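Below you'll find only one chain, the form predicted alone, shown as structure tokens.
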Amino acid sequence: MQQVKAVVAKGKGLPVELVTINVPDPGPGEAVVKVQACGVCHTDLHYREGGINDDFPFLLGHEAAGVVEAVGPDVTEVAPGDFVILNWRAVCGECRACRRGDLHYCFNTHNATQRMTLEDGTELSPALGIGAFAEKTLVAAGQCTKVDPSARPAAVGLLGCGVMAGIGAAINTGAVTRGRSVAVIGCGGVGAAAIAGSALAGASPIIAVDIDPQKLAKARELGATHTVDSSQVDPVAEIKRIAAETYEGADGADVVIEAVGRPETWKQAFYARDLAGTVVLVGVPTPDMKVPDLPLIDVFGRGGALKSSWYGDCLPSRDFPMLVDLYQQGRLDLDAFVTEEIGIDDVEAAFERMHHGDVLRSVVIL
């Protein structure tokens, strides 16, 4: 066992604390990773606010990259010294989804068996089974995806959650390709990544929708061909107009990605898609949210597909190395998502900046 500094949320809504925690030596199927960088994600704030569950105290942080320090018995997929991106979908290989070849839908993803603790022995709940706002963390070895060690940790670590969710929502879930039009509603970190993914796939037009001029400007940098300020105009009508300019007879975008997670924006996405188009919900709603007054005849009559995208329908072992290679080639600008690099003692202030929409990602450097 060793002791390291880490960021912990001890109670609902309380400011996070930088404390000393105990990290066990890795057991069978486990690995200890020396964290190099970890993004500050909205999900970490949801944990602090009690929006996930009430299993306090939480060891926050999950969007990370680092170097494997030690592995337990029977671990073959990674070894000490490997540079890895951490993921929260360590597939089991045995459930019915895995057996039919749909590993990205694994129903039995797993985490480390042992628990990290506070100094007094209180067990910690690691965010998404990772807990990477820490100098070192204990994870299941399957949560480590080996990638090019020359890649910048602050940039590629973001593939561990938000950036992968957005790129995957476009490419994996939405099946965006050349000749398809795309609209993305909500241009925070995940929505911006969906725009980057759509550009990577060759879609056109790519329509970014938000109420924040700064986010719309960043969306342009990442590949949006058009921007729509939905505080000034009807976004549904604007998406339809722009799509029709490119494709004669189009009545909306082929794929509309909702990256906000609210009923009103999901309805905008539903009505902004073309006939037989696809809606992808990647924004995370709260349990109490419902979509009111949606006539079932409209669901039937417009055809197409209504999908949700969980972790961008990614398979880390397949997608992370590929996207890191594209980043290294200069074809995917992951650096654009890193607004600032901060210390481990600045997480609480980063939550505040994120809440006000001032950043795409603050990244803790360790």
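Numbering starts at 1 and runs along the sequence shown. On a predicted model such as this, the values are computed, not experimentally measured, just so you know.
This next part talks about the form predicted in complex with a small molecule, which is not shown.
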query = Is every one of 187, 215 and 265 within 4.5 Å of the small molecule in the model of the complex, counting heavy atoms?
reply = yes
task = Considering only heavy atoms, tell me if residue 191 and the small molecule come within 4.5 Å of each other in the model of the complex.
result = yes
message = Quick check on residue 75: any heavy atom within 4.5 Å of the small molecule in the model of the complex?
response = no
message = Since only the chain is shown here, I'm wondering whether residue 153 would be in contact with the small molecule in the model of the complex (any heavy atom pair within 4.5 Å).
response = no
task = Spell out, yes or no, whether the shortest heavy atom distance between residue 243 and the small molecule in the model of the complex is within 4.5 Å.
result = no
request  = Spot the stretch among 170 to 178, 121 to 129, 206 to 214, 291 to 299 with residues whose non-hydrogen atoms come within 4.5 Å of the small molecule in the model of the complex.
outcome  = 206 to 214
key: The unique member of 90, 253, 219, 282 whose heavy atoms fall within 4.5 Å of the small molecule in the model of the complex   = 282
note = Exactly one of 113, 108, 117, 230 comes within 4.5 Å of the small molecule in the model of the complex through a heavy atom, and that residue is 230
